[in-house]
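Heads up, the chain below is alone and in the form predicted alone; it's given as structure tokens.
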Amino acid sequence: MNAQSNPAPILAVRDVSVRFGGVVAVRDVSFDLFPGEIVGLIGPNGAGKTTLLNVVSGLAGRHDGTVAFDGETISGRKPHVIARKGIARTFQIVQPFKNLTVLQNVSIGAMFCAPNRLSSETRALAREALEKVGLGRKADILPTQLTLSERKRLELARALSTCPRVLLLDEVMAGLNHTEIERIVALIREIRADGLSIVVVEHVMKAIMAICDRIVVLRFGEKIADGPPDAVVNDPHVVSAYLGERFAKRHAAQEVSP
């Protein structure tokens, strides 16, 4: 992360609130994402994490507060406009086009954000994204022939093919085993090294601790913590609301072990 030497955030969320009827899903949440930074967004189920990603990516509809990308307010913009500005996201439930090949699925993402791009350029971007996530050899098969881990990486490739500057990852590690999670963690580090800024929504705390520069914690739609990983996991409010005493003690033991 290079937040201190480059203090202007690439993504600034300010006082965002979202209501569904009489239910407040997100209440007055603010946070920044700096260039080259990975921010983890954690909290119990129903805390408002995905809703907040929906606000940033333009899928949440009406909301209070503002979202600015690289100094420009993007609140109220359509999802495709936001995507073309340079914000891409993945979804927790992976839903590729089943009757299209892996390459065609990713090509749609590349074409979506640059409709005037030549088809050869679109396919080249798609192949580059597939190579990045380790699916280059499976470009010509159908998504139904992929494992869950591979489908997760396909979703990530579709997002990368849009050439984003900010990447929003919604539980990209959910349902994966330990080895598969380690591969995704390594991949996210590589993506950050390419210059992307990333927000990660995830329940796998070991992964969050391994890759994030900062963690934002939500509970019942409100932000209860925002800071470096070690500070957040030792915050009594976070332990009580989400992590639990067992995780806190295990993490503390790992810190003091040789």
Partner chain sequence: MTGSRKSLVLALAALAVLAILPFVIGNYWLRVLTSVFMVGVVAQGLNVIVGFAGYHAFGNSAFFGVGAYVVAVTLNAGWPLPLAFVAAGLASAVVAGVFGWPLLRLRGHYFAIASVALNMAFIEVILNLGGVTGGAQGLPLPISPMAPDLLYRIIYFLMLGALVAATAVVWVLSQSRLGYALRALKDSESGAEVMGVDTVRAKITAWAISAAMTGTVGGIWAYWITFIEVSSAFDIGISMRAYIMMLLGGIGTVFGPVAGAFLFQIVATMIWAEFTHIHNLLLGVFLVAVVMLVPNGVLPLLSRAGWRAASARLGGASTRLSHRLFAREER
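Quick caveat: nothing in here was measured; it's all calculated off a predicted structure. Numbering follows the first chain given and starts at 1.
Below, we turn to the form predicted together with its partner chain, even though it does not appear here.
Only one listed stretch (131-139, 169-177, 95-103, 184-192) carries heavy atoms within 4.5 Å of its partner chain in the model of the complex, and that stretch is 95-103. For the three marked residues, 79, 109 and 158, a heavy atom of each sits within 4.5 Å of its partner chain in the model of the complex. A single residue from the set 231, 59, 224, 205 has any heavy atom within 4.5 angstroms of its partner chain in the model of the complex; that residue is 59. Its partner chain in the model of the complex comes within 4.5 Å of a heavy atom belonging to residue 162. Contact annotation: residue 153 falls outside 4.5 Å of its partner chain in the model of the complex, judged by heavy atom distances. Using a 4.5 angstroms limit between non-hydrogen atoms, residue 83 touches its partner chain in the model of the complex. The closest heavy atom approach of residue 125 to its partner chain in the model of the complex falls outside 4.5 Å.
Contact residues in stretch 207-223 (any heavy atom within 4.5 Å of its partner chain, taken in the model of the complex) are absent; none meets the cut-off.
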